[in-house]
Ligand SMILES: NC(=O)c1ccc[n+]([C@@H]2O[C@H](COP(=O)([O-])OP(=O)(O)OC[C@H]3O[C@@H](n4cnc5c(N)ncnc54)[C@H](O)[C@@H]3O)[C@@H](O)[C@H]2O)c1
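In structure tokens, one chain follows: the form predicted alone.
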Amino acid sequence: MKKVLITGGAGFIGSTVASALLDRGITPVVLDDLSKGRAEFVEDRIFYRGDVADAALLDRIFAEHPDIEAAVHCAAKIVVPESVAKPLYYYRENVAKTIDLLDSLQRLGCTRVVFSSSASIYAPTPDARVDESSPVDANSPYARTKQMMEQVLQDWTRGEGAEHQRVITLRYFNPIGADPRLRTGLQDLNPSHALGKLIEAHSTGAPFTVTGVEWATRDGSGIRDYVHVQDLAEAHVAALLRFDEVVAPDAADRYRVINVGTGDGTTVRELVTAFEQAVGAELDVREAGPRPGDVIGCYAAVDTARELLGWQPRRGIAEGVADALAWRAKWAARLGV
């Protein structure tokens, strides 16, 4: 594989995927509107600024790079509380525009698509462990956009005129850390997820709030599967390199779902403890009710990823915390804050 289109490739995950591809000798072609992504993350990469729904721009990209062999679709709006407040915005950005993108990819003959989905679509289970066959029941507009798009993609691979279209959907769990070489990382110095809030609390002295303390978990806090973003990126590389084995061109079912996590569940309180151990300091920890759209959470069964992709996570929470802190220091220095 020579070239891969990455939508959202100037964002946290997309830029890390792009770096991982470069490390394997594959050229990423990045499409990003920079609404959340950073121009600094694509300074030395093939980059097109624009919207994934812009058919004329997709025509230009493929005309200038006819050797693109697959597309990784990472572009999406992802903030759960914002999706609750602005559902139409999320459905337009994440669903309607992706349909336009798929129409362009099909017209341009790009038959391999890797889609960034989310474990947030899973319904709660008694033990919080989920595999790819577990029931889904998205609980926020953001999560519902991912669930909707999974159904759209599956139907697309079965539709008239789409006989050659194939899709691997990667259901992400909770990415942490940064590119270990610190080429890119979280573009927001104060992100809204748990590790970001922990880093903010550590760097500013502000309290850290555990949102939701009455979930049916071992300590009452939500449970998540914290996967290092570099491991997540390497799962994308594995999916691309093994694409034709996972979903053969003549397969009866040309749509496949694969969980990408660590296989271990960590509660928010346990994450706090791991963070405090990593930084050698205690935080001011407080409690509050869940935010709009919050769910108990889940952790992954990753047997499918091991079997089909030959992939398994290699980095733990301590490394994720260390890389996230190192990246924040570097990024803050570059931004002059």
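As the structure is a prediction and not an experimental result, all values here were calculated from the model. Start at 1 and count along the sequence shown; that's the residue number.
From this point on, the text means the form predicted in complex with the named molecule, which you will not see here.
| Looking at the named molecule in the predicted bound form, do all three of P124, G261 and D264 come within 4.5 Å of it through at least one heavy atom? | The answer is no: none of the three residues contacts the partner (heavy atom, 4.5 Å cut-off).
| From the list E270, E276, D33, D294, which entry has a heavy atom within 4.5 Å of the named molecule in the predicted bound form? | Of E270, E276, D33, D294, the residue with a heavy atom within 4.5 Å of the named molecule in the predicted bound form is D33.
| query | Quick one: of I199, A233, V113, I78, which gets a non-hydrogen atom within 4.5 angstroms of the named molecule in the predicted bound form? | reply | Looking at I199, A233, V113, I78 one by one, just I78 meets the 4.5 Å heavy-atom criterion.
| task | Please determine, with the chain shown alone, which of 21-29, 324-332, 6-14, 311-319 has non-hydrogen atoms within 4.5 Å of the named molecule in the predicted bound form. | result | Answer to the contact question: 6-14.
| query | Going by a heavy atom distance of 4.5 Å, is S221 a contact of the named molecule in the predicted bound form? | reply | The answer is no: S221 has no heavy atom within 4.5 Å of the named molecule.
| query | Are any of the heavy atoms in F243 no more than 4.5 Å from a heavy atom of the named molecule in the predicted bound form? | reply | Result no; F243 lies far from the named molecule in the predicted bound form.
| task | Examine Q147 and determine whether its closest non-hydrogen atom to the named molecule in the predicted bound form is within 4.5 angstroms. | result | No - in the predicted bound form, heavy atoms of Q147 and the named molecule never come within 4.5 Å of each other.
| request: Tell me, yes or no, whether R129 is in contact with the named molecule in the predicted bound form, where a contact means a heavy atom of each within 4.5 Å. | output: No, R129 stays farther than 4.5 Å from the named molecule in the predicted bound form.
| task | Select from 36-51 the residues with a non-hydrogen atom within 4.5 Å of the named molecule in the predicted bound form and write them out in sequence order. | result | If the 4.5 Å heavy-atom criterion is applied to the named molecule in the predicted bound form, 36-51 yields K36, G37, G50, D51.
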